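In structure tokens, one chain follows: the form predicted alone.
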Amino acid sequence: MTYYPTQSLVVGMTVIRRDRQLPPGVYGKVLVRQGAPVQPDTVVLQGSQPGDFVIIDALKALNITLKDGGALTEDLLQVRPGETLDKEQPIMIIGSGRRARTLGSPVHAVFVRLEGSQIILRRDPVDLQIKALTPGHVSAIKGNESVTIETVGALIQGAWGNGKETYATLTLEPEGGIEALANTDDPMQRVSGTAMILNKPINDLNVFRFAEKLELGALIAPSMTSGLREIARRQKIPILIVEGFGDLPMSEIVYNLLRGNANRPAAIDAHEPGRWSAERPEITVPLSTTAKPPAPDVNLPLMEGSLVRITRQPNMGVTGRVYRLIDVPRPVENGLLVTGAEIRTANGQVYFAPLANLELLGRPPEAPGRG
């Protein structure tokens, strides 16, 4: 039986390669060279994100006609595709001297192309800068729109994010909770700019108010009430949900890895998952090592010894090694007969879970042991 489960990477030490890229339709350029070291705030790409199209009939604007078979040629242009134009900046000049006719840009725009006698612009470009987000080095460059950053460290993938990102020190929520922290003036409890790991799900908007009062850099929570999604999107800081929506506790394996890296800086990429995108919200903790670890193998099937997490009730969040794959269907709580696997946890307990309820965690298989 060969089965390929879904996968959420929860790895303590691995090689991480991530593309930093400009949004679709943005004209830009790469500012780093391949192999160059980068820091989180290193600008690796810059570009202009244009707005609506503006189409200019050059013949009408210049009040000229062309002889039969004639055409405007690109050698008349004063700009190149992707170049940003100020208002009135020359786009095309025909002739020379006093008889020269000049066509200037009617708005602040990006020049797209000359198509026949039509000049195509996109108005009001917004300058964009894409930073490396994590320390590492440039391992690949693709055209003028993508740079691959490679680093080594811990990697934890989550379920949902609000589309923001930052590089901040991980801190644990104190025993009294974020609300107690927000109501104290103790200088020893200053957490401004840090990424706080919450112990409990986000179930009311007071959490966001406390985060704003404390000037936190990011929030990492086990789960969140789905009704707060739009409010979370509007927050200025990254909000990253590890397990999903609802009232879900954080998996022990995830919390232990985050706790083990508390007080270390981390890249918080709270990417909002899309239907057609494979990108995931994730936390990267850069770590130093003398030996380069392998990158996680994301194409492995489920096998005995695979480290997995159960993703649905009644044993949601339980992690362990596959003790035995079960080919003969077994009954589960809802009465269905399903194939699955027996999972042995670190304390020796064994659970049966349907194959559809398992996800790999990106670690190599090990002998699960048979006690």
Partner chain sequence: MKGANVVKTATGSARSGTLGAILAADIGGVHTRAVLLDLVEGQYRLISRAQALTTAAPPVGDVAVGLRHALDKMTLQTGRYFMDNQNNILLRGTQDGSGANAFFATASAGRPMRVTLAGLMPDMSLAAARRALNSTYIELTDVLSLNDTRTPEAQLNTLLRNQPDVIFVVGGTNEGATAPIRELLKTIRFGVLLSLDPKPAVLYAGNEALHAEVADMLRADTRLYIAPNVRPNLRSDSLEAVELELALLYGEWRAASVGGFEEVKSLSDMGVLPTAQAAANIVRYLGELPENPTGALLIDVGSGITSVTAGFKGDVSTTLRADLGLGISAVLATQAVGAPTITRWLSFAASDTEIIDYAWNKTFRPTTIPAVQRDLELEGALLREIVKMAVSGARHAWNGRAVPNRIIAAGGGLAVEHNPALGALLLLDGLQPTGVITIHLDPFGLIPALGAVAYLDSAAAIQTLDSGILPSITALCPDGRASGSVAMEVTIKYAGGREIGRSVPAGSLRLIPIPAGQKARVTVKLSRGLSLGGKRRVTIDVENGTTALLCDGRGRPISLSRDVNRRAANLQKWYAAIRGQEGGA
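On a predicted model such as this, the values are computed, not experimentally measured, just so you know. Positions refer to the first chain, counted from 1. Note that the rigid core is defined as the largest set of C-alphas that superpose within 1.5 Å between two forms.
There is another form of this protein, the form predicted in complex with its partner chain, and it is not shown here; the text below is about that form.
Interface residue remark: residue 175 is not counted as part of the site for its partner chain in the model of the complex, having no heavy atom within 4.5 Å. In the model of the complex, at least one heavy atom of residue 354 sits within 4.5 Å of a heavy atom of its partner chain. Contact check for residue 348: no non-hydrogen atom falls within 4.5 Å of its partner chain in the model of the complex.
Although the partner is absent from this view, residue 27 contacts its partner chain in the model of the complex, with a non-hydrogen atom inside 4.5 angstroms. Shown without its partner, this chain lists 95, 246, 293, 193 as candidates; in the model of the complex, only 246 has a non-hydrogen atom within 4.5 angstroms of its partner chain. The stretch among 32-40, 59-67, 333-341, 318-326 whose residues place heavy atoms within 4.5 Å of its partner chain in the model of the complex is 333-341. Along 301-329, a non-hydrogen atom within 4.5 Å of its partner chain in the model of the complex is carried by 309, 311, 312, 313, 314, 316, 329, in order along the sequence.
In the core-superposed comparison between the shown form and the other one, residue 55 has its Cα shifted by at least 2 Å. In the core-superposed comparison between the shown form and the other one, the C-alpha atom of residue 180 has shifted by less than 2 angstroms.
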